[in-house]
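The chain below stands alone, shown as structure tokens; this is the form predicted alone.
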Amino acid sequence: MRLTPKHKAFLLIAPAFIYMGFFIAYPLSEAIYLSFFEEGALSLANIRYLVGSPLSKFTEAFRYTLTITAIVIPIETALALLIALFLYNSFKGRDLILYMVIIPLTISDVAAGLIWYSILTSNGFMNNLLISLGLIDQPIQVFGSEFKVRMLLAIVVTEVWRSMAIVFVILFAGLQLLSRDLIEAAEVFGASWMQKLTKIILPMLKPSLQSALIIRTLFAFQIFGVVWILAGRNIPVLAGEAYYELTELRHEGVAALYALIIAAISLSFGFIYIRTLRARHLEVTL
């Protein structure tokens, strides 16, 4: 049997559809069923548990997840953009700095949490250094239920150190694709550094910035390992509560509902990024 171009096209995209069906559509349908159905009938029991049970920390987890995301992503984006602009031009030692910035990308979130826990604990490197320099007399306590603000700060520092490299790699790659002719032409006409940044570099960097923000936001709402290592349930987050409900309380439906909420929030932010960071100079008008 001879394949027509139409059949070949369907054959070529079939692996992608199979992958999406098996790894996305099927788990999503199972999560919806576990969340809203009980013994084959529609049920809102999991929702009532989530918002009304004294065992549930949904409201607190939602607030902390948004707080961490709102703090970490702007800091990471600003730092990544500054470092990418600094490394845009070649100079001696640039490759060494580039490797140093990317190194945390190879470290898992659990390993990063353990590293910073050992640094910030009462007997850790930071306290020993400050005591040896005579800056403090007693170790600074960071971890414990009574030090939530300090633990939150530790989580932010760890997350920025660990995952800023993701944003940096995307923005740095995007910078390499920019036309230097436009920047040089702006310099000829006397444009300042800020004018070149706001009128040329940032508008042309929108596709890379959009991709970086979408990917980083998806990871931010799934934050778990760093928080679990540094704070446990003292600072609950959505992914951590899903893990706790599933493994400790055996509430599969509640855990699935947490997963759907994380997915819905991530999709909402992705839509916002796509709408607000559209690169209109790349759009073709027919």
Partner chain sequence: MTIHTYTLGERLKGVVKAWAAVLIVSWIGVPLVISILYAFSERTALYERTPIPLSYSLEQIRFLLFEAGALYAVKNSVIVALLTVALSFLLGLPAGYAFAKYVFPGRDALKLALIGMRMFPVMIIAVPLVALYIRIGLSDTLVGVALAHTAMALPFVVLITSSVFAGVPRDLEEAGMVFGLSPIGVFLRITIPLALPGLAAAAMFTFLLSWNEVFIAAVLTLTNRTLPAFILTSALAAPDFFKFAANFIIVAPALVFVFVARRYLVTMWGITVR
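All values reported here derive from a predicted model rather than from experimental measurement. Numbering follows the first chain given and starts at 1.
In what follows, reference is made to the form predicted in complex with the partner chain, a form of this protein that is not presented.
Put simply, of I155, L213, V142, M164 only one has a heavy atom within 4.5 Å of the partner chain in the model of the complex, and it is M164. For the chain shown alone, A70 is not a contact residue for the partner chain in the model of the complex, no non-hydrogen atom being within 4.5 angstroms. Contact check for A255: a heavy atom falls within 4.5 Å of the partner chain in the model of the complex. Remark: L44 does not count among the residues lining the partner chain in the model of the complex, judged by a heavy atom distance of 4.5 Å or less. Looking at L81, you'd find every heavy atom of it more than 4.5 angstroms from the partner chain in the model of the complex. Residues from 251-271 that approach the partner chain in the model of the complex with a non-hydrogen atom closer than or equal to 4.5 Å are E252, A255, A256, A259, L260, I262, A263, S266, L267, G270, in the order they occur in the chain.
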